[in-house]
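Given as structure tokens, the chain that follows is alone and in the form predicted on its own.
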């Protein structure tokens, strides 16, 4: 089977990641229970008349996907695969509100058309004229990993050469309010620097769009090689460390082969204990990095972690604010990403510097 490479990246997030030349050089601080993405100048990527009719998720994805394609030197791809937890739920919310406010009359179809989960993948395909495989995974917090795995299988079996893989979720007011009510989102505002050590229940909700050109052909722009993946729906806390060690062994690795582990801590005191147990056991001698204090938590926040891992491997730089312990390594070559949400849907990804 062929090897799989990450040839380019693009991101719009709570941080200024749309600027592809930098790497968390100008951090955006916040204090709240939910935080919105930093908007690029959409006029540079989308005609203003079209942008006015687009949902937030579509606009973010237009920018991040265009940046990824440009860096890879491509105008088209063989397939587009997107992972999303909520899709364009904001447009669904607005459409239902219009139904009520206008007594089910004089409705324009735009919001209904843009309200489906596969709108992002379809919109990108229409813009570039891609008539290939087009698929959207809606698998909660492993939506991005499901998309990545699909692309990996196709590339390994030479069914495609270049695939655009994306992760997108937008912040929706009603969804935030509902999850605050059930204590999934923090009750009190918290700052970026404090969220992971807040000691309180719930998360800080965020949003973002992250796209990557995956290929079975290495090129000058290549960031990393995808070594292996694992997805596990349910694991007892006592099984997590054993599962990780078995995963590494299956991929011909041991924990000493890792130059760092990127953890999905999100500041929820009830579930970050899963990470804390690993931090003090199998990962205690390995550099540990975190990212959800920068991105916020959402179904495809692991896409931000994937973006960050690729930046680390390509630049050899590790920003101080993402370090979770005092162990340092110069020029990291192999990283493990581990994520879970509320004790379910555990995912593992290993990337290697090319």
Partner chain sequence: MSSDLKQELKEKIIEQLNLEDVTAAEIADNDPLFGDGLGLDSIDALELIVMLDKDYGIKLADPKEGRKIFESIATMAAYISANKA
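Rigid core (definition): largest C-alpha set, two forms, superposition within 1.5 Å. Just so you know, these numbers come straight off a predicted model, no measurement behind them. Positions refer to the first chain, counted from 1.
The form predicted in complex with its partner chain exists for this protein as well; it is not shown, and the discussion that follows is about that form.
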Exercise. With the partner left out here, if you bring back its partner chain in the predicted bound form, are 52, 102 and 109 all within 4.5 Å of it by some heavy atom?
Worked result: yes
Problem set entry | Residue stretch of 22 to 30, 42 to 50, 317 to 325, 284 to 292 approaching its partner chain in the predicted bound form, non-hydrogen atom distance within 4.5 Å | 42 to 50
Seminar exercise, completed: Students should find that, of 96, 128, 113, 74, the residue having a non-hydrogen atom no more than 4.5 angstroms from its partner chain in the predicted bound form is 113
Problem set entry | Touches its partner chain in the predicted bound form: residue 59 (any heavy atom, 4.5 Å) | yes
For this session: For residue 98, state whether the C-alpha moves by 2 Å or more between the shown form and the other one after rigid core superposition.
Result: yes
